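Below you will find one chain, with nothing else, as structure tokens; this is the form predicted on its own, and questions on how it binds or moves follow later.
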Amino acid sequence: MILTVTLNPTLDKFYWVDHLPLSLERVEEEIVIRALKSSTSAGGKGINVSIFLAAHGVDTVAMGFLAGHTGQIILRDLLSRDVTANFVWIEGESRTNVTILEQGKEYHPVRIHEEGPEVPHPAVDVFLRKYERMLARAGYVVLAGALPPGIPDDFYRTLVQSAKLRGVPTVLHTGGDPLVEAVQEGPYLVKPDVREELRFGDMPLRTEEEIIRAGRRAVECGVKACLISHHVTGDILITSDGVWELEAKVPLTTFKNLVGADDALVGGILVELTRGAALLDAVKYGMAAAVATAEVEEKLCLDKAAIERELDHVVIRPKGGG
């Protein structure tokens, strides 16, 4: 079983529009934008990973905090997708995140993210007790997404520590200070979330050299593999054995929705690892899953045949001097 932790789940709402005006000559005019279509689904990075895993027949349990009517919608959607849920309920309302996709510019989505409800201390204690019990069944743990209000920056670090004591490898898929804190405990795989800022702590991630330097620092902390996005169709994998460049040879014009691509990448890696694949083969499948996801309007591509077709477009090259 793969346990995913999404501390700040969301109800994802997508709107596709023909044109998105960003300014008007007459500021007093009202802006009306008519959506060509829309969709709504349970979301949050760990939840997306669980949905992907369940579609591949992998037993998965999603944990985190839910609140209010929105939380009930998220829960119903997860259960309908064969994801086992073990959430802690809190006061307030789970957040809603909005993504606007303009026709012809889908690779530059406009995102509006709510903060989410504050998590009280008693709820944190309940979550930690549940988490400890679930570790006894877990083969991997995925810690993914932003932290909600009320959760300290070192919380993922605490969760990695607990999993490590149980011998359960962790996958860390977050950014900012929570990432920097948790890396110190040496999770198995780190996939930094660099959507808001191209940094890994105090280290910029603009060039290949900077990415490799940051990845090596993570490996020095005990991380087995660090996978960092270099551009839209390429990542760099850093391990103690070397450095590899991954590239998907597909044109950007084929992309329709990039929002779930990173989560499909993590899900794809875990699917293959649970099947006993070597890390490089697992990362290649994950990259194919990310590309297939970017090429459909749905948030995640769950079509295994479509993912397998993309394997021919993914190239992995060792980098000299790695």
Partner chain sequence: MKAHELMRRDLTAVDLDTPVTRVIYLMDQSGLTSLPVVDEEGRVVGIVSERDLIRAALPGYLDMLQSASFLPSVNQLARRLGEIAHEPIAKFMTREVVTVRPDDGDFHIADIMIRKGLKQIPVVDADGHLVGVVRRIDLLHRLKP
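All figures in this text were calculated on a predicted structure; none of them were measured in a lab. Numbering follows the first chain given and starts at 1.
Omitted here: the form predicted in complex with the partner chain. The next part is about that form.
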- Item | Listed range touching the partner chain, judged in the predicted complex by heavy atoms within 4.5 Å, from 221-229, 72-80, 236-244, 168-176 | 72-80
- Query: Between the options Gln103, Thr84, Thr158, Gln184, which residue brings a heavy atom to within 4.5 Å of the partner chain in the predicted complex?
  - Reply: Thr84
- Message: Using a 4.5 Å heavy atom cut-off, which residue among Met134, Val194, Ala146, Val180 comes into contact with the partner chain in the predicted complex?
- Response: Met134
- Message: Considering non-hydrogen atoms and a 4.5 Å limit, does the partner chain approach Trp89 in the predicted complex?
- Response: yes
- Message: Contact with the partner chain in the predicted complex for Lys130, defined as at least one heavy atom pair within 4.5 Å: yes or no?
- Response: yes
